[in-house]
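Only one chain is given next, in structure tokens, and it is the form predicted on its own.
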């Protein structure tokens, strides 16, 4: 360990981050190894670049933002619906389809101690979110007579608990060999001076690298290779917390293939101009998403001749990708975005600081930034009450109460 300690010390001196070893002697042997391994694997050149990012304001003012074309599922003709369904079902039955669920979060905001996917939204059946999603996988298995590979992205924080949860529930009746877990990447958090923070126990404080990190995590953990070895050609990627998400939708697959594009996404109509959601758009001619923090009041309120919002296609983070582009996206790193958050940490004097206001930067990538590497993509507008019931807040909108009602109404459980 002495040799590793000296290597870590020298590295920290080069980057003026020596404080990370201030409490080394107080750590357990296990924590010492963890800290040294973290220090030796952190890319401090990257952290310096990210620190420079904190000094800049993100802006799209120099970009040309235009509405994006979409297809409305409810208005498809009988012939179109049959055509897309047939194309999609052929892909599924041939074993060329896989599902990725991003489930790295904890249920803290819901008052739940554990992975968000283990949360019970209050159904009479007391099914967890994971079981609700697994029901959809089993339904597809029964319909198409094929075992669809299911890849679940966890975090270091919840990986072990997630795997144990599936094991304790016998994978909810889905074939164990078809379920794979992989861990999301993470990055150190820094203070406004660029110093990497320490956790309460004296190790490097790190945060998940955002849902855009799914691509690099898939490459790093061999998931893309596993998909290729199974003959997968199309992959659906979605968040764990949407209990109405259509994980296996032949119409979305068929539309994407028919349009000869390498990716697609589903959208819902914004409730009103002020709804805090990102919207699909064309950014300098490429598909993209404008976040609600970016869009101007004028843009958000603009309507077409039919009275519909020009920028009204809300991004649900339900996307389909061709396997052909996954590796390219993973290798060409997505841009990082900064977020200023409240973070407990140990200061240089060994005091635990519990801030009352934001005090630290975390860095994340966004999945939808991957769209800008594509020439085009298909957007399928769906009905909110049929495909979007997220569980994000403890109460109010997008809460267990609203998700439960949408779920029960859709499945006629009342």
Ligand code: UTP
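All values derive from a computational prediction rather than experimental measurement. By rigid core we mean the largest C-alpha set that fits within 1.5 Å across both forms. Numbering follows the first chain given and starts at 1.
The same protein also exists as the form predicted in complex with this ligand; that form is not shown, yet it is the one meant from here on.
Exercise for the section: Note which of 125, 108, 332, 274 lies within 4.5 Å of this ligand in the predicted complex, where distance is taken over heavy atoms; exactly one does. Expected result: Contact check passes for 108.
Practice task
Find the only residue in 179, 239, 268, 232 having a heavy atom within 4.5 Å of this ligand in the predicted complex.
Solution key: So the residue touching this ligand in the predicted complex, by this definition, is 239.
Practice task
Please run the contact check for residue 103 against this ligand in the predicted complex: heavy atoms, 4.5 angstroms, yes or no?
Solution key: Residue 103: yes, in contact with this ligand in the predicted complex.
Exercise for the section: With heavy atoms only and a cut-off of 4.5 Å, decide whether residue 303 touches this ligand in the predicted complex. Expected result: Looking in the predicted complex, residue contacts with this ligand do not include residue 303, since no heavy atom lies within 4.5 Å.
Practice task
Would you please decide whether residue 208 lies within 4.5 angstroms of this ligand in the predicted complex, comparing each non-hydrogen atom pair?
Solution key: Looking in the predicted complex, residue contacts with this ligand include residue 208, since a heavy atom lies within 4.5 Å.
Handout entry: Partner contact for residue 259 in the predicted complex: this ligand, 4.5 angstroms, heavy atom
Key = Judged by the heavy-atom cut-off of 4.5 Å, residue 259 is well away from this ligand in the predicted complex.
Handout entry: Non-hydrogen atom within 4.5 angstroms of this ligand in the predicted complex for each of 116, 364 and 392
Key = Checked in the predicted complex: all three residues contact this ligand.
Exercise for the section: Mind telling me which stretch in 292-300, 108-116, 246-254, 79-87 gets its heavy atoms within 4.5 Å of this ligand in the predicted complex? Expected result: Contact criterion met by 108-116 only.
Problem - Sequence-ordered list of residues in 140-156 near this ligand in the predicted complex, where near means a heavy atom within 4.5 Å - result: Residue within 4.5 Å: 153, and no other.
Exercise for the section: Would you tell me if residue 146 moves between this form and the one not shown by 2 Å or more at its C-alpha, with the rigid core held superposed? Expected result: No, its C-alpha moves less than 2 Å.
Problem - Core-superposed C-alpha of residue 271 shifting 2 Å or more between this form and the one not shown - result: No, the C-alpha position differs by under 2 Å between this form and the one not shown.
Practice task
Determine, after fitting the two forms on their core, whether residue 342 shows a C-alpha shift of 2 Å or more between this form and the one not shown.
Solution key: Superposed on the core, residue 342 moves its C-alpha 2 Å or more between this form and the one not shown.
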